[in-house]
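The chain below stands alone, shown as structure tokens; this is the form predicted on its own.
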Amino acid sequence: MSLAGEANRSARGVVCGIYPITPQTEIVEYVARFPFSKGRVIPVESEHSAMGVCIGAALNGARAFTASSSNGLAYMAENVMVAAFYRLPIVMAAVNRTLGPPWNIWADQGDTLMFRDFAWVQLYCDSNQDVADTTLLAFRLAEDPRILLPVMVCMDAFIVSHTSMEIELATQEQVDRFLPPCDVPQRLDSAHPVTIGGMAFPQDTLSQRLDLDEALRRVPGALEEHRAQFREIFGREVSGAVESHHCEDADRILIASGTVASTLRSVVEEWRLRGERVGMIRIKMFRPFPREEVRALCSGSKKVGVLDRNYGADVGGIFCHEVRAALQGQAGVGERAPLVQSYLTGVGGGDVVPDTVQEVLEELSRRSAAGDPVWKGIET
């Protein structure tokens, strides 16, 4: 993030509104120490204010960044909504941590997924390299004049946020080439004062919501364009909306996001060596949801199991809910849509180990019909 902020030094600089909460504190501590040529890091009294600082900065044309987790995100909720409805290209590092009470500091995606209807682009990373590269991609995507929407870069608490590994870091010269100066077209201008966020009639609100929806629909195409530019400048790939393995002939497919997908990958490879026709999909971009990609990848499968590190009241796993909606009515004449089964695992931060995935695959293989969500990791 710091290199992205420095890359805007020839424009209106960078502003970071920051407030600490475990396990994202080290992120804002690092940002606070960075010697930006042009910009300010502003410690505030709450998460609500941290996003408020970013809103004010973006409305004045600065590149804006913050970070948060869990109940801090919940306290920020009002301004999270405002940032999207103002069409401000703010980037937030969201370290996925269980919402309390009871208080829990371990990984769970419920904190960011509660904002799934707030018109933020949501990208779920599975490694340190993915976080570093996706953060740069997020600024390019958010500031794209066709998009102008805020972006969350999400990562599992501690599993990613506090794990060290070797990665390829960008240079300032590369980031300067990748990120053009931030241009917020609706930024405030004292020579032409306007009211921001005033009273609107119903038809005006309807039109604004349609604009948001159309911008979200442009995200997948823009994402692919910026991935190609990333590859050209940095010489490596950054993952896109979905990542698939062995789905071409798979009769059973497992779907997950974040670090759970890394565990799936190894188990799926093991089953393929045994001659089992299994595949996997990692969903990185949750909003906008990659419906077309999921439909295409699951079109030949008979059974789909979705592993969710989150819980939606009365719907089970939230990713599973979206997968079911995407596949609804997609079977052709004389065909059957795949069975879609929800598995809740790692909820509240529990470990998702290869044995857990083995159990899921065995359970999915035995199934003849979908049923209620299956909870894994409950001690009896």
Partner chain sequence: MNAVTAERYDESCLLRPGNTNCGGCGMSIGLTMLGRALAGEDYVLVIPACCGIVTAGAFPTTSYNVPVIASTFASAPAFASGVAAVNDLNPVTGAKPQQVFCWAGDGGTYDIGMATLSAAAERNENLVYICYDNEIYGNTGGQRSSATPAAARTATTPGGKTEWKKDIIEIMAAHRVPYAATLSIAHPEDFQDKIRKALRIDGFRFFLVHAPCPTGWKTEPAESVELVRLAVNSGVFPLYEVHDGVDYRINVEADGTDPAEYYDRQKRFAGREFDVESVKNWLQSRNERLRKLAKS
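Numbering follows the first chain given and starts at 1. As the structure is a computational prediction, the values presented were derived from the model and not from experiment.
Just so it is clear, the following notes concern the form predicted in complex with its partner chain, a form of the same protein that is not shown.
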Please tell me which of V44, A326, V31, L339 lies within 4.5 Å of its partner chain in the model of the complex, judged by heavy atoms.
V44
With its partner chain left out of view, choose which of E173, D213, D251, D189 has a non-hydrogen atom within 4.5 angstroms of it in the model of the complex.
D189
Picking from 284-292, 198-206, 123-131, 263-271, which part of the chain touches its partner chain in the model of the complex when contact means heavy atoms within 4.5 Å?
198-206
Are all three of R12, N60 and E78 close to its partner chain in the model of the complex, meaning a heavy atom of each within 4.5 Å?
yes
Would G316 show up as a contact with its partner chain in the model of the complex if we use heavy atoms at 4.5 Å?
no
Might P193 be said to contact its partner chain in the model of the complex, defining contact as any heavy atom within 4.5 Å?
yes
Can you tell me if K38 lies within 4.5 angstroms of its partner chain in the model of the complex, counting non-hydrogen atoms only?
yes
Examine H321 and determine whether its closest non-hydrogen atom to its partner chain in the model of the complex is within 4.5 angstroms.
no
Output the sequence-ordered list of residues from 48-84 with at least one heavy atom within 4.5 Å of its partner chain in the model of the complex.
H48, S49, G52, V53, I55, G56, A57, L59, N60, A62, E78, N79, V82
